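Coming up is one lone chain in structure tokens, specifically the form predicted alone.
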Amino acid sequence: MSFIVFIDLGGKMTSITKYITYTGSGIRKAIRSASQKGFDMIPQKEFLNSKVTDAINYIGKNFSSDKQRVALGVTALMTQPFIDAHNKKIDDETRRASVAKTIAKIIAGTATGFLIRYGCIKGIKALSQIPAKNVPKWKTIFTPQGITDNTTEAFQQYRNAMGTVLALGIMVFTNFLIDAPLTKLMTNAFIKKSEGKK
């Protein structure tokens, strides 16, 4: 992006657009170069084992964003509280509070993330039916024009992607309306539990 800026030099207006464009171009080149070097560092691997490639293909096709959110949540629950619990740089009370908050945040985020994604994907599926005489028009509002077959892999991926996009929009609000209050409530309950209070 270029910006035109003029400087008044003794009554003469001087454009410094070229300078800004040159600087911006240099920054973009540096970012591209660094990104390429990062990609080049990733080792290349060719999987010849059909079981490995079949498993990768299966996961790619069948693990939509709601299932991915659960997988991330389970992984986080198995690792992050353990790390917090073994942080020797803080006192016991702070450590217990940290573990409680971490567990609460993971559970709240995973639960709401899964439910919203799952519901949005199901909703998009219900509202992307193939147009027909017996199908109400409102059930086709998310159906792309010209689609006559809803069983293709590409159409299924479209539904998952649309559901995920819709869920991301909704979660901008639910992070404040649901996740934060639920995390606070669960954190307080877990802290009381760890202190032996009822």
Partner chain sequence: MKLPSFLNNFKNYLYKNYGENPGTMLVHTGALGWVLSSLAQIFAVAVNDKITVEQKSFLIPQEIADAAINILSFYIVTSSVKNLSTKLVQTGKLTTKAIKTQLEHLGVAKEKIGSFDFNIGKLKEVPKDYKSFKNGVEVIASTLGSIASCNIITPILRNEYAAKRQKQIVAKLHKNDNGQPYKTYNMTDFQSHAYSNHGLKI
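Numbering follows the first chain given and starts at 1. The shown structure was predicted, so the numbers you read here are calculated from the model rather than taken from an experiment. C-alpha atoms forming the largest set that superposes within 1.5 Å between two forms make up the rigid core.
Beyond the structure shown, there is the form predicted in complex with the partner chain, which is absent from this document and is the topic of what follows.
- Though the partner is left out of this view, residue 115 does not reach within 4.5 Å of the partner chain in the predicted complex, counting heavy atoms only.
- Interface membership of residue 141, defined by any non-hydrogen atom within 4.5 Å of the partner chain in the predicted complex, is confirmed.
- A residue is said to contact a partner when one of its heavy atoms sits within 4.5 Å of a partner heavy atom; residue 91 meets this definition for the partner chain in the predicted complex.
- Not displayed here, the partner chain is approached by residue 147 to within 4.5 Å at the level of heavy atoms in the predicted complex.
- Along 79 to 106, a non-hydrogen atom within 4.5 Å of the partner chain in the predicted complex is carried by 79, 80, 83, 84, 87, 89, 90, 91, 94, in order along the sequence.
- Core-superposed comparison between this form and the one not shown: CA of residue 87 displaced by 2 Å or more.
- After superposition on the rigid core, the Cα of residue 105 moves by less than 2 Å between this form and the one not shown.
- Residue 151: CA moves less than 2 Å between this form and the one not shown after rigid-core fitting.
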